[in-house]
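For reference, the chain that follows is the form predicted alone, supplied as structure tokens.
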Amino acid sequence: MSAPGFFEVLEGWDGVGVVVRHDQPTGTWIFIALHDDTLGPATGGCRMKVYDRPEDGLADALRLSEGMTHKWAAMDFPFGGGKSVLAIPHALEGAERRGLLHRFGELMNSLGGRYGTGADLGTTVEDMQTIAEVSEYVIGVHGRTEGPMDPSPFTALGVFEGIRSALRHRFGSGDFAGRSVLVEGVGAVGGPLAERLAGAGATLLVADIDTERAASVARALGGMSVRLADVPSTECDVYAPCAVGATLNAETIPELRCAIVAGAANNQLAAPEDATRLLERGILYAPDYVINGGGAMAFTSIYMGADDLAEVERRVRSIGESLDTIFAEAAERGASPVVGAQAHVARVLQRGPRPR
């Protein structure tokens, strides 16, 4: 069977639409997926990656934009679900990269504010500053001269509080002492998360595709590194996936030796039925688009005028309180926390934007 083409990838997707452009100077396919604008303009990060096929980049944009719809609705923030993917043919640097980012910014301008972006996998704060040279639709960069420029530590903070909530629900206490946490992916988010966990007294296990980085983080924080292939079968209290998505699937879930799954990665479930598989195994799952919303929450709060960083941190820490509610409701119904999170998202979208 041949791999699906562009039209096959789009079949069944329920979003508003997709902007597609082929950037001839670099050979990059640009995809801007606008999934939902019920609550406000579609907003989501810009991913830059080499894909085997451009269609894979399109599929990523569609999937991730839907996840952003859920994320904004879960936070009840005035933004809609969107995502952009720059499917590059090879790593881009210097003038070549800068030119692509400028042309991407100009393409965003043509949408007249219907899409706003930020840093994501494969893009940096510096990339966002480059885009902001030609476009005002860059969350967390444009118009600011001081303050935090990287959302990753806020994402890590939200995940940390989410794990604390999961510990409370599963073990009756949010104390990290004596609890083992396996962080898979110790990059921009997983690294700061690992530092917080170690500082709180957790027994830290780390894994990364870059084995040297995993070993270095483990040494620095007094933890232990784990081979990536051994992650599903490693015994721990909490498994925190903070790298790629779809690590929870029909093959890995039966192997898991953890009580909780709570991490920063997007789209952790390979299929919707994986939520049920986790429930049947007695593993508490923190819905990814709830627990990993700290960076988006912080930078859009700043974008909307919040200038008290202590207050921004307080909002991010409230992710733990949101999960307290989701876990409690799920337990009452004997259902997966995903069911409760989806019901909340549906209620917010049905209600529409809050009056200003």
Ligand code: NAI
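Here, rigid core means the biggest group of C-alpha atoms that superpose within 1.5 Å across both forms. What you are looking at is a predicted structure, and each value in this text was computed from that prediction instead of being measured. So that there is no doubt, residue numbering starts at 1 and follows the sequence shown.
Absent from the display: the form predicted together with this ligand. The rest refers to it.
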Task: Segment that reaches this ligand in the model of the complex - one of 89 to 97, 241 to 249, 198 to 206, 123 to 131, heavy atoms within 4.5 Å - done: 241 to 249
Task: is_contact(E184, this ligand) in the model of the complex, heavy atom dist at most 4.5 Å - done: yes
Open item on the list: With the partner left out here, check for me: in the model of the complex, does some heavy atom of T28 sit within 4.5 Å of this ligand?
Closed with: no
- [ ] Check whether S322 has any heavy atom within 4.5 Å of a heavy atom of this ligand in the model of the complex, and answer yes or no.
- [x] no
Task: this ligand contact in the model of the complex: T234, any heavy atom under 4.5 Å - done: no
Task: Residue among M224, A259, A188, A270 with a heavy atom within 4.5 Å of this ligand in the model of the complex - done: A188
TODO: Using heavy atoms only and a 4.5 Å cut-off, determine which of H169, R213, R103, R114 is in contact with this ligand in the model of the complex.
DONE: R213
TODO: Counting only non-hydrogen atoms and a 4.5 Å cut-off, give the residues of 228 to 267 close to this ligand in the model of the complex.
DONE: L228, C242, A243, V244, A264, A265, N266
- [ ] Would you say whether M68 is displaced between this form and the one not shown, judging by a C-alpha shift of 2 Å or more on the superposed rigid core?
- [x] yes
